[in-house]
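A single chain comes next, written as structure tokens; it is the form predicted on its own.
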Amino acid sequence: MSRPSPLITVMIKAARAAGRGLARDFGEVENLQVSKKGPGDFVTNADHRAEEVIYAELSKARPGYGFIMEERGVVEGTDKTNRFIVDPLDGTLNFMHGIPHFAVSIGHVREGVLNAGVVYDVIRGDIYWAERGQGTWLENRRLRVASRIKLSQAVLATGTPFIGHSPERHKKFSDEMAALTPETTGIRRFGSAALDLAFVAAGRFDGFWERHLKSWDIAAGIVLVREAGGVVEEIDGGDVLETGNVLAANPSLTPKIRSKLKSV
């Protein structure tokens, strides 16, 4: 069994601390004050509180590190080689509607390379963590991506464009679904990209794709999948953290899924 490094340990501590507040707020979602950031994209007081907890914990443990945070934005640090990428509440819409499927996601970049990731499934209490060269773990259990090689046996996950996105984006998604649905065992939409990627790393989903995500949605999950033996690529060949067009699966299924997406 691999023991979490000091870096992973402080990331887990921060995720758990934020998760405790989210779990409390989740029981009182009807009383939360809600503001609207944009069509279909909501932010709650819980988001802000969780992010402040993470920022305080990580800043204390790793002073000087920079941050990219969903609510706070970019925080430049004195240490230019290290940066955390934080989503305090991935699956906000689920949270708002009382659906118990959301996560805290913390990624770490060292010298421009994704180095570590922690995804905390708040309701289930599961901590997924990974660090370059150390594998991917659910608590103290080593994880590996699924070994299926036939698309016809695969269960995939994806995310759906919501209200406010362009008609072109909705049509693109519909066309991709039409191309993949007849070829797979099933396609699921759970509403948290961080947990979708964690589930790929755990072998629960055989693959995941989605377009136009943010870096904080996927940074930690990318490390989880790669360290579990999977492949994470940009769908069209660009920089996945910049475009947010992510495709994750095992090495056998990745080109088959990409081929179907490219056929659209």
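Quick note: we count residues from 1 along the sequence shown, nothing fancier. Predicted model, so just to flag it, every value in this text is computed and none were measured.
One more form of this protein, predicted in complex with ligand 2AM, exists but is not displayed; see below.
Contact with ligand 2AM in the model of the complex, defined as any heavy atom within 4.5 Å, is confined among 187-195, 138-146, 120-128, 107-115 to 187-195. His165 is the sole member of Arg132, Arg72, Lys172, His165 with a non-hydrogen atom lying within 4.5 angstroms of ligand 2AM in the model of the complex. For Leu213, a non-hydrogen atom is located within 4.5 Å of ligand 2AM in the model of the complex, even though that partner is not displayed. Within 4.5 Å of some heavy atom of ligand 2AM in the model of the complex lies at least one heavy atom of Leu89. With a 4.5 Å cutoff on heavy atoms, Glu227 does not count as touching ligand 2AM in the model of the complex; it lies far away. Ligand 2AM is not shown here, but in the model of the complex it comes within 4.5 Å of a heavy atom of Asp217.
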